[in-house]
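Below you will find one chain, with nothing else, as structure tokens; this is the form predicted alone, and questions on how it binds or moves follow later.
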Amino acid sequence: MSTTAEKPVSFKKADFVSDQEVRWCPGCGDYAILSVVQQAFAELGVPKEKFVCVSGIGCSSRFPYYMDVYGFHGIHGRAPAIASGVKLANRDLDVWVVTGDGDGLSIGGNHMIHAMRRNMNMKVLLFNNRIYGLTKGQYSPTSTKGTKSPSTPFGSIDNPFNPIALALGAGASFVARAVDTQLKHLGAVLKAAHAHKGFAFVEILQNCVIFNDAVFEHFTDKTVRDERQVDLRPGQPLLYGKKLDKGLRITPDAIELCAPAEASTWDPKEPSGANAYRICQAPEDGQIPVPVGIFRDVEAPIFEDDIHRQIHDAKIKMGEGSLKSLLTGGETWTVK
């Protein structure tokens, strides 16, 4: 990894706005996410030429066109694999994957979980609208049971993925959730993800106004979200409500409502991630608030550092090597 000292850099949001016309449906949550990401990039202090955005296929995957940074628009589901190659080739690059619940968890699910378990030092933003928006509203891996769509006209009977539980189970070292309309909170989560050294997975709940409108409204609408969400803030008590006058207590057997003074303190660095796994599976039925914020933030060996160290050690032991020695090494045959 480069050890060259870099001068502080200063950017404005406009520096990350490309010359391409942004083309999403009017009212789409992607507009808000794009704006927050552009502002966050400007504030991270990273040289502009070091950012790389990689995407697959889907509404969210238009992202590289709208960011004035290096970008790669890949094929369906392959963004984590492409991003892994970029990061392995140049560890100094700041690699961000932008994907959706269909692109990232259906055809791309295998690539995603292996990038998580390897702990590549990359950031993944998964826009979850619980539907396939680009291809006109088919149900997706996160669609709730009963979702009626062109591909499930009588209602989906699949059990949906919980992206947070999936990331925790696959060993992602940073796992968080934000909402497209809660801009300040989303920006803070993005900065925390960037500060993390390792694989950072951020699920962004995003409204599709055309094919799955208001799917999160029961806990994201501004009239109810104070009572229906709890922000998982590291080192802070689990409080919610407009006046933060309600709390959650995590016991060995349950997650209980309690008075603020009795609320549990949230610790995303707890090694097992057991409490994160428990709280992320809380139903959205109003019994307890829906968690947003940082579920997990732990240190773990970084894959690309380990693989470059392994290559370095092999070179010391065996020499630089060459293409010729590779092709002629081991058993060879002469064909006459």
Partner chain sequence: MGPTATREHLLETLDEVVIRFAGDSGDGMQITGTQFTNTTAVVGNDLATFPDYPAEIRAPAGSLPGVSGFQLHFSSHDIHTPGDQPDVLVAMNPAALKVNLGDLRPGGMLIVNTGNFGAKDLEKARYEHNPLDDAQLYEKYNVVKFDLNEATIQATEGLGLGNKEALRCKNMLALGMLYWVYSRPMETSERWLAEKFGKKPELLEANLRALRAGHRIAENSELFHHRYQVPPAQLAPGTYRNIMGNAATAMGLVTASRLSGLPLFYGSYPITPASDILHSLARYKNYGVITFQAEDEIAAVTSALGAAFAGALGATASSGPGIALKTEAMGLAVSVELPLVIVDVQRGGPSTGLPTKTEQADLLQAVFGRNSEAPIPVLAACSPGDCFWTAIEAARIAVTYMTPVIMLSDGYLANGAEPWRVPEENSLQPFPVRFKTNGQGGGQFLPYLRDPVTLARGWAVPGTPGLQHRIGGLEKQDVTGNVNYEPGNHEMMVKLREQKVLGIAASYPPLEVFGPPRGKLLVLGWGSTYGAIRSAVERAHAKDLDVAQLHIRHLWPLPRDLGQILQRYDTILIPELNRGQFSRLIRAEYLIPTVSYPKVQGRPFTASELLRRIEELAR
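Everything numeric here is computed off the predicted structure, so don't read it as measured data. Positions refer to the first chain, counted from 1.
What follows is about the form predicted together with its partner chain, which we do not show.
Heavy atoms within 4.5 Å of its partner chain in the predicted bound form map, among the stretches 27-35, 60-68, 272-280, 285-293, onto 60-68 alone.
Contact annotation: of the candidates Val202, Met120, Leu232, Val179, the single residue with a non-hydrogen atom within 4.5 angstroms of its partner chain in the predicted bound form is Met120. Taking Ile75, Ile157, Ala195, Ala254 one by one, only a single residue has any non-hydrogen atom within 4.5 Å of its partner chain in the predicted bound form, and it is Ile75. Using a 4.5 angstroms heavy atom cutoff to its partner chain in the predicted bound form, all of Val52, Glu320 and Ser325 count as contacting. Contact annotation for His111: at least one heavy atom lies within 4.5 Å of its partner chain in the predicted bound form. Using a 4.5 angstroms threshold between heavy atoms, Val209 stays clear of its partner chain in the predicted bound form. Residue contact check for Lys315: one or more of its heavy atoms lie within 4.5 Å of its partner chain in the predicted bound form. At least one heavy atom of Gly85 is located within 4.5 Å of its partner chain in the predicted bound form.
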